[in-house]
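Single chain ahead, by itself, as structure tokens, in the form predicted on its own.
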């Protein structure tokens, strides 16, 4: 096998590190870059290399950031009395794009999952406790996903907030807007029914 073929194989294997990319998809990507978009491939290589070197974590919220603190944490117009706790940077982005929330964030970079080696230390418990104890935060919005691990993480976060004298709230889960009851899965419907609220006049 020639050196060129070895390099091609290495490129295809490297592309497989991306989520959802199998052997076929990686092969198509590699061939596309080599046949039709070498300039794009060079740019991808440069930006990817720079991103891996320069993007770290914000020292206040643990979100991805090129500098010591991210743009949200340094924005003085954000409400410092509210702290929304999310599992991942993707969840933070979803909240930012879909809601009018104007508080601050804390990114766990995971959720409690002992089998995966994710405990309180891995989720940044010491930094979170320091922020809660600072006296500035009045409400912690728990925005973990409604999975078994997400619910366990939410319970743990609630305990941390109460210990610091901070009010903890949880995102509502239930029937999706525009959904019909007969098509909603049983777990979601049971949760929505159990969390029902009084109708306001």
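Just so you know, these numbers come straight off a predicted model, no measurement behind them. Numbering follows the first chain given and starts at 1.
From this point on, the text means the form predicted in complex with another copy of the chain, which you will not see here.
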Open item on the list: in the model of the complex, does every one of 8, 41 and 67 come within 4.5 Å of another copy of the chain, counting any heavy atom?
Closed with: yes
TODO: Specify the contacting stretch among 128 to 136, 170 to 178, 22 to 30, 152 to 160, defined as having any heavy atom within 4.5 Å of another copy of the chain in the model of the complex.
DONE: 22 to 30
- [ ] Verify the contact flag for residue 145: yes if a non-hydrogen atom of it lies within 4.5 Å of a non-hydrogen atom of another copy of the chain in the model of the complex, no if not.
- [x] no
Open item on the list: My question is simply whether residue 98 lines the interface with another copy of the chain in the model of the complex - judged by any non-hydrogen atom within 4.5 Å.
Closed with: no
Task: Non-hydrogen atom contact residue 71 with another copy of the chain in the model of the complex at 4.5 angstroms - done: yes
Task: Contact label in the model of the complex: residue 83 to another copy of the chain, heavy atom within 4.5 Å - done: no
Open item on the list: With the partner left out here, which residues of 150 to 175 have a non-hydrogen atom within 4.5 Å of another copy of the chain in the model of the complex?
Closed with: none
